[in-house]
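Take a look at this single chain in structure tokens; it is the form predicted alone.
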């Protein structure tokens, strides 16, 4: 055991803190975490943990979600890592996008926003104020069905989906909805017949997977299955055998026979841990010619975790997460609406 790891475990026990780690974190972090999960699952488990202090190993919007769900909890991060997708839209850009739609003659009351969980608190708060909902990749279809039912026949709502255009377009295609992309939140494009209007955000990791990668694996291994996250490009999703959220991909892969080959279009660290040796690990491949490693998720190292634990021990509390009270109030409205719709 390394000296740093030993010290981390010592302070973790001494201080009585909880450590939460997203599935995409490095092995060295995952191995000492109290619990793992995807973004919402992790935030909910972390918020319900009885310990006062939580060390959140992930990216900023996830730690914010804990503060939204449990504002009384003290949340610190080893690294204030920022999700590139979440950074593609902030509150001001959200307002400008809504203004662009209104300039095209769409009444504000006829716009219903849905924000992907991969967004910051100020965006979630605006969605809550407008009567919209948050969604995850696992419950997005259910949330969209709810959204389509709002307003009634006399006032058909336009769905504004942010920030991930790929998840939005994949969802629209699955449900047979007309969709358009609001390029950079400013270029209006062809919105006339679009029921669903997607902001032009994306995941830098899931953009690495291409239809050629799918073709390569199908040619190399007869009978291989292709699994993709819905943040992948629609052209990749259309070729996949299975499309699902992080937790859904984990379940799908682990239930396969060990001899079944599978190529997975999502973050490297997760794919590397999907199946154990002798239980299909040797038949599990990353759907990419390059290593699809999330740069911000991989910023956090044991030395960073040690630094934040030592700060708690000194009473200094570095990298503590705070969220504006007004944002907490309205972002909680949007999150609660999602939980009510999806049955928690």
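Just so it is clear, the structure is predicted and the values come from calculations on it, not from any experiment. Numbering follows the first chain given and starts at 1.
The next section is about a form of this same protein that is not shown, the form predicted together with a small molecule.
Participant: Based on heavy atom distances of 4.5 Å or less, which listed stretch (69-77, 111-119, 208-216, 233-241) is in contact with the small molecule in the predicted bound form?
Facilitator: Partner-contacting stretch among the options: 111-119.
Participant: Can residue 300 be called a contact residue for the small molecule in the predicted bound form at 4.5 Å between heavy atoms?
Facilitator: No, residue 300 stays farther than 4.5 Å from the small molecule in the predicted bound form.
Participant: When the contact criterion is heavy atoms within 4.5 Å, does residue 165 count as touching the small molecule in the predicted bound form?
Facilitator: Judged by the heavy-atom cut-off of 4.5 Å, residue 165 is well away from the small molecule in the predicted bound form.
Participant: Just to confirm, residue 126 within 4.5 Å of the small molecule in the predicted bound form by heavy atoms?
Facilitator: Taking the distances in the predicted bound form, the answer for residue 126 is no, it never comes within 4.5 Å of the small molecule.
Participant: Even though the small molecule is not shown here, does residue 305 get within 4.5 Å of it in the predicted bound form, heavy atoms only?
Facilitator: Because no heavy atom of residue 305 falls inside 4.5 Å of the small molecule in the predicted bound form, the answer is no.
Participant: Is every one of 22, 61 and 246 in contact with the small molecule in the predicted bound form, taking contact as a heavy atom within 4.5 Å?
Facilitator: Yes, the whole candidate spot contacts the small molecule.
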